[in-house]
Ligand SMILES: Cc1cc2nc3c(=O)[nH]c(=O)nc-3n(C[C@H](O)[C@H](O)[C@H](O)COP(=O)(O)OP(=O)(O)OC[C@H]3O[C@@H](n4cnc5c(N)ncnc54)[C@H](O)[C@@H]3O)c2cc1C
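The data below hold one chain only, encoded as C-alpha cells and taken in the form predicted alone.
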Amino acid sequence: MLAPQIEASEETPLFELGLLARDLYRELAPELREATGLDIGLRQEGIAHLAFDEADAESLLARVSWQRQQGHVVDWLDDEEVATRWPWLRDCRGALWAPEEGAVDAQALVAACLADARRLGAVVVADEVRSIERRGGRVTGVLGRERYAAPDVVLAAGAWSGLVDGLPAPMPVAPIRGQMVELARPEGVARGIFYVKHAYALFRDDSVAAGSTMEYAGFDPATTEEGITRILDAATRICPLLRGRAPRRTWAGLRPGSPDGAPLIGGEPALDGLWYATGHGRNGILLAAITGVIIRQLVQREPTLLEDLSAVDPARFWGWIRG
C-alpha cells in the first residue's frame, strides 16, 4: 500500500517521509519499465477510509481538516457521495478520500528491482549472512558460508535483522505477523482500495486482497482461524457482497517491527561502514524505494531527500539499548 495519508493524524517527519516515498514511485515505475520491460503495477487511483459510525466520521473529518490546512490533497465524501460512487456499500456515514494514494504489486516490484540491479552490474549471491565482520571500529565485510569483503554493509534483513551476530548492540526489531486473505471479486464491484479502522480490502481486476493482522507470534508464519475470521469480518463490513465467499488462498508474512513503529534508517556511530535499513513494520513497500535512495545518499555523504531524519535515526534507541 502507498497510503501515508490514510491513517496519519499529525504532521511529523515520518509523515513527510511517507509522502515523499509515495510520490517517488511515480518516477520509479516508468524508469523500471523502460529499463527492464517490467510493470510494477503502480496504481494511484485513490484510497477511501470509510466511517460506519459517528465517532469514526468525526475522527476522519478532523484528519481531513488538518491535512487540508497543511496543503495536502484530501476530501471528505458524505454518505450520499459514497453511495453514488460505490452503491454496493451499506450504512456508510462518509469517507476520507485521498485521491493520490494507491498501491504497487510487491512481487512485481521486487522482480523489477532485481532485474535492474543485474542490468547495472549487481551480483546476487544466495547465502545466509550470519555475522558482521569488523576490525577495530570499522566494518570489513560479512560472513556466511563464505566471507564477503565490503567497506560498507547495509543491514536490511527485515524481521531477521536481530539474528545477525557482530552488531554493536541488540537490534530493537521483532517479527510482527500479518495474515492475509484473497477472495474472488464480486461482479459489479469496480477496482478500488478501502480502509476501515485498521483493516483494508484491495479490489483488483479479478480478486480482492484483504488484511491484515498485527501479531507478535515470533517467527511463525502460519495463519490462524481467528486471524482469518477477523479479516473476513472486516472485509465483509467493507463489502457486504463478500459475505459467505470462501477464500481463494490465505497466507501470512513477518514484518520487521520497531518499538515505536518507525523504521531504522541510518548509520551506526559505533561501527563505521555499518548502515541500518530495517524496522519498517507495515510500511515496508511504501518506504522501500526511498529507503534505498536515502541509504545511498548517506553512504556517499550527499544531502538526503528528507533533511530531518530524526524520526528514523537508529540513535533514538541507543540510550536504553546501551545505557
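Don't overthink the numbering: it's just position in the shown sequence, from 1. Values in this document were obtained by computation on a predicted structure and should not be read as measured data.
What comes next is about the form predicted together with this ligand, which is not displayed.
In short, of 89 to 97, 76 to 84, 248 to 256, 234 to 242 it is 248 to 256 that has heavy atoms within 4.5 Å of this ligand in the predicted bound form.
Highlighted residues Ala157, Trp160 and Asn283: every one comes within 4.5 Å of this ligand in the predicted bound form, counting any heavy atom. By the criterion of a heavy atom within 4.5 Å, Val164 is counted among the residues contacting this ligand in the predicted bound form.
Among residues of the shown chain, Ala217 is not one whose heavy atoms approach this ligand to within 4.5 Å in the predicted bound form. Although the partner is absent here, Val139 sits far enough away that none of its heavy atoms falls within 4.5 Å of this ligand in the predicted bound form.
Though the partner is left out of this view, Ile132 does not reach within 4.5 Å of this ligand in the predicted bound form, counting heavy atoms only. A heavy atom within 4.5 Å of this ligand in the predicted bound form is found for one listed residue only; from Cys113, Met180, Ala174, Ala199, this is Met180. Listed residues Glu146, Glu128, Glu225, Asp206 were compared with this ligand in the predicted bound form; Glu128 is the one with a heavy atom within 4.5 Å. In the predicted bound form, this ligand lies within 4.5 angstroms of a heavy atom of only one residue of 1 to 39, namely Met1.
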